[in-house]
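The chain that follows stands alone, in the form predicted on its own, written as structure tokens.
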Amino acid sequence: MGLLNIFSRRKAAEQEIIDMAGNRESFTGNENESYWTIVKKQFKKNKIAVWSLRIVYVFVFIALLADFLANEKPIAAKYQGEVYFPVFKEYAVDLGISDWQKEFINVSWKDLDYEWEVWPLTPYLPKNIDFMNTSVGPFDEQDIESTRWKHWLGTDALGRDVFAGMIHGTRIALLVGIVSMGIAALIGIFFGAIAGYYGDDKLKMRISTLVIYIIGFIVALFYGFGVRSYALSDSIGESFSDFFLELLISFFIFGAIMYAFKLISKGLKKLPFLTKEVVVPADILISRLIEVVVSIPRLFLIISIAAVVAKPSIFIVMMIIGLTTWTGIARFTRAELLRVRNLEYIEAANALGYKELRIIIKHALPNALSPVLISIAFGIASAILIESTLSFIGVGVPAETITWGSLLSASRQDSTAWWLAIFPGFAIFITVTVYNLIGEGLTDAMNPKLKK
């Protein structure tokens, strides 16, 4: 009975902690509504932000279905009595789970004699070259067989379809924004949480543990990423799936080495002269690191790193942007954790003897991410703008990769090709603007002082 009472009291105390955490910023009279429900309602009151979010949904739709909207292959076709789905087949071939039939290897899909076929909105890929229609505008006369093959937004100097480039460029723009800010969020939240929760006096470690972890980190970084740098760079040139697999292997090696050094540190705990604890000033160290990164001009740093990469890749651009834009997120997270760590439910969790990692992840961080989401929204817009700038000046992004920035850069070669400047420039402007408006909408919705 005694154990049962202790267990029930512990569960009740934990529930009280969760209730205090969930209601800490309630700013309406309805106690049944959660904080995020209220934020959602307040966000919907901002019509401009709502419409901006809907425009983002349209961009996401275009990005997901880019291969079905602009492709040199038909979506579905009947050829020689067989029904084929070439676009779906291409996905399987890219994943390595299937191969093209012999009759479809190095074939011109446009010239095949189909019984029936369903073509995408525009039957071109961004890399396709139409030698008969170079530098033609959307309203110029085009040398085409029928309206189906019309270049609706014109072509560049090589004869590549601008409409296809805009559609596939949408996927790249969103990928750059989301992936790069995902990387930045992971790094920023980690460093910000450590600096904010522990401060300069709460993180205590044994001398043996501290020394072993430092040595282990250096060794793990060297063998996990330094030794495998050639494998990682070569995989980037192959495909994203190969690079992701190699990256997972590197992280596995890194984690395995760190775990081995953790076991070594446990063995050294038995040595009496190494059991003394020292205070690690986490806040000062991380704050100085943030100041060093911020002091370097971001665009100059990104251009410098991208310029020395052996094999340019859009994935390297994403990683570089993510690794250089985490400081703002870290600052917001640190500021919120400095405030949250002194609230009642955090003190109650400490009193119950919960591990600090659990307190940070389960109780502190979920109630400190509001400004981080706002920073991520603005960061996505900034990342898209940085990628467009790199593509425009031709740094870091492969020449064969068509992006909005590369299309805009092509307009410098021909000042009369207004369509090469108007369409990608407008797309960049709209995308950056709507993400900024979403960020402003989140700022208003998450500010309890502005609510009644």
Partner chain sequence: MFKYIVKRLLIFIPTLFAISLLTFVISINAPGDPVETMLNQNVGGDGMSGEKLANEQTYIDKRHELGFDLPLFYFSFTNATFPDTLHRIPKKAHRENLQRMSYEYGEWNNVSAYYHSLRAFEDEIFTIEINDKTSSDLRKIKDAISVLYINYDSDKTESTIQNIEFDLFKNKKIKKYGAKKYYDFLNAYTHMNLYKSSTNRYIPKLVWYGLENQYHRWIWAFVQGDFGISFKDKRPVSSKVFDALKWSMILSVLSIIMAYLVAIPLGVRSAVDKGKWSEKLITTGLFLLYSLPNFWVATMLIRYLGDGNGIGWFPTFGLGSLPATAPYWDRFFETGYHLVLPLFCLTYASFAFISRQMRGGMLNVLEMDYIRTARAKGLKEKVVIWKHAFRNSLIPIITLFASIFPLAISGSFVIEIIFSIPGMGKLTLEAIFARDYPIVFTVLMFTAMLTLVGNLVADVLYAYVDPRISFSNKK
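Positions refer to the first chain, counted from 1. The term rigid core refers to the maximal set of C-alpha atoms that superpose within 1.5 Å between the two forms. Here the structure is a predicted model, which is why all the values come from computation and not from measurement.
Only in words, not in the display: the form predicted together with its partner chain, which the text now covers.
Using a 4.5 Å cutoff between non-hydrogen atoms, residue 35 does not count as a contact of its partner chain in the model of the complex.
Within 4.5 Å of any heavy atom of its partner chain in the model of the complex lies no heavy atom of residue 113.
Residue 82 falls outside the set of residues with a heavy atom inside 4.5 Å of its partner chain in the model of the complex. Mapping the unseen interface onto this chain, residue 134 falls outside it, with no heavy atom inside 4.5 Å of its partner chain in the model of the complex. Contact check at 4.5 Å (heavy atoms) against its partner chain in the model of the complex: none of 49, 342 and 350 pass.
Interface residue among 118, 279, 107, 294, judged by heavy atoms within 4.5 Å of its partner chain in the model of the complex: 294. Checked against its partner chain in the model of the complex, the residues 335, 249, 307, 144 give one hit for a heavy atom within 4.5 Å, which is 307. Heavy atoms within 4.5 Å of its partner chain in the model of the complex belong, among the stretches 151-159, 218-226, 173-181, 73-81, to residues of 218-226.
With contact defined as any non-hydrogen atom lying within 4.5 angstroms of its partner chain in the model of the complex, the contacting residues in 381-404 are 385, 388, 389, 392, 393, 394, 395, given in sequence order. The Cα position of residue 331 differs by less than 2 Å between the shown form and the other one after fitting on the rigid core.
Relative to the superposed rigid core, the position of the CA of residue 134 differs between the shown form and the other one by less than 2 Å. Remark: with the core as the superposition reference, the CA shift of residue 341 between the shown form and the other one stays below 2 Å.
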